[in-house]
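In structure tokens, one chain follows: the form predicted alone.
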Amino acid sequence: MLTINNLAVSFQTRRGEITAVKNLSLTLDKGEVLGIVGESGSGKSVTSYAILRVLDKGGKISAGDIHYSGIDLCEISEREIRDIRGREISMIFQNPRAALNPIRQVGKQLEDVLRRHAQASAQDAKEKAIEALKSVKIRDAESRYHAYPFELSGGMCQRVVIAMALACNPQLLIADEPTTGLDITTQKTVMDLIRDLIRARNMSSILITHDLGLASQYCDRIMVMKDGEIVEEGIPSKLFTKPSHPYTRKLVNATPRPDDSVRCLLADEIKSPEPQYAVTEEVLLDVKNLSKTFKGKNGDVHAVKDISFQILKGQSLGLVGESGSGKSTTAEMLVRLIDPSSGEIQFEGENLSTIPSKVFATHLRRRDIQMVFQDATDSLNPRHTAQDTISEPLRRLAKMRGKTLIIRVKELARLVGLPEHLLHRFPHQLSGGQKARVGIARAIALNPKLLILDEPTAALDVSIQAIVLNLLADLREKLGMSYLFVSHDLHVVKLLCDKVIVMRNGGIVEAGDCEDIMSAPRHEYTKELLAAAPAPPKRKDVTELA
């Protein structure tokens, strides 16, 4: 169905021409699901944009050819490629909210696609749009037809984007990171839906992802990309148990598994001994009957319902659950960004819930509780350099100035592994991993006793995630901090946490030692979370090869 020969894609930049994809060749058969895996910047998405000829103004196909069903996509006119897009080849883009028009009802957007490719008339477009929503298992499709993107959850927006991609019954579906940002059970639901629709319609598909577990579960064949080139190719069972290329081996090792320790993730790097943590019996944080209720259009929304737990000094507690389970709301109450509706937050015996959030911003206890936010990019001021960002809490809360401030900032940069020459760069000049390090350095600047980590690695590539997780393990060992690690991934939580709490619909459904809950979960919801997590083969299969 699809053949690409010696493809090269380049971009014209201020610093000259950059080649993003080079000498890429691949074939895709009818009904086959091909996975393309690799880290950010490897050329995965650029390859898909080249197939559809939707490269931005500075990009061009500089060599090679792309044949789809005998048609050379590089040679046909813009009008002809427009007819092929959506009708023959369709794409699910990485960010569903960015792919949807925020000020247009999702049903109308589906109608636009159907009418553009003559799949519906003005009379039956609405009916067919609703059918498309039903085909991706959206409940109450008639009312969802009138919804705007901001009124839908991330998983629901992703389903709408899938419905748009499949509305015209294309023969080739390209899915570019279709589950990025989704929690584990929603990810499984979306991927099962895509797989079932592909099988039912006998379509071919290209799945682009950096999640090797996901690729191994849903793809017939996988290609590994690095620096714009294919470095290895094979079926999942062979590629992930007997990887021949060092880069593939690095990716496989960096993917967390249930049988891992945090040092196992650093495949080809010098590994230090497993960290040793000093956990005392002294209670640092004691949460009692904490609740949070928000006012909604249709009445009160109970985001957190009467939860209680403790964190000991030196301990790391994992907080897991799906989107909407109340994890982030709980974290925001503990760091005192929002006020609880009821309950107590006892920190070293002092009830912090009586201090309004606006007052707490300048309270002496502020320096003892710090937070690393989920999105490193959004949590950094785009107009501040890394040095400005790290020094801000030191200036505001420790009243540090001049040479003392600069020395402390450089010390923090060394502690989190951020090279000094990057301190004068702005966020857009840093990689995802470097921005994560800046956020961590800012959070630990005042030597907090409790560090709250809200999905700190969710948007990172697996190898960068491995480095950040090891960094957090080292900081906990060196500084003796306590962690509250918020995540939807139980495998990642197990690497850093002693105990874990499982939340659902604002309440706690299960709590206990990480090892016990991972090996023998009692609650059905916990079992669902564990079953939904895709994982490549056990680590021993890879290490035996090495």
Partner chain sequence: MKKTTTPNRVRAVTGRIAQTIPVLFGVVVISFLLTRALPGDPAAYFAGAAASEESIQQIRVALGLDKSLPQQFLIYLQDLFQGDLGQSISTGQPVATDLANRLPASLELTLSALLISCGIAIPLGVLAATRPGSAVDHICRVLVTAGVSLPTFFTGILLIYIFYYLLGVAPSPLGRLDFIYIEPDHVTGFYLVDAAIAGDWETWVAALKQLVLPSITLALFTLAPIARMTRAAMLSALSSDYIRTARASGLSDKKILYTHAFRNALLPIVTTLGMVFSFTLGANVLVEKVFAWPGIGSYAVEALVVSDYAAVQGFVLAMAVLFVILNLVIDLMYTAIDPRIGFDSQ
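Residue numbers count along the first chain shown, from 1. What you see is a predicted model; the values in this text were computed from it and never measured.
There is another form of this protein, the form predicted in complex with the partner chain, and it is not shown here; the text below is about that form.
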query: Listed residue that, although the partner chain is not shown, lies within 4.5 Å of it in the predicted complex (heavy atoms), from F347, F360, F93, Y218; finding: F93
query: The single option of R116, K410, K134, R365 touching the partner chain in the predicted complex, heavy atom within 4.5 Å; finding: R116
query: Partner-facing stretch of 32-40, 474-482, 54-62, 499-507, counted where any non-hydrogen atom is within 4.5 angstroms of the partner chain in the predicted complex; finding: 54-62
query: L182: touches the partner chain in the predicted complex, heavy atom cutoff 4.5 angstroms; finding: no
query: Contact label in the predicted complex: E75 to the partner chain, heavy atom within 4.5 Å; finding: no
query: R104, heavy atom within 4.5 angstroms of the partner chain in the predicted complex; finding: yes
query: The partner chain contact in the predicted complex: G154, any heavy atom under 4.5 Å; finding: no
query: Neighbours of the partner chain in the predicted complex among 142-175 [non-hydrogen atom within 4.5 angstroms]; finding: Y148, F150, E151, M164
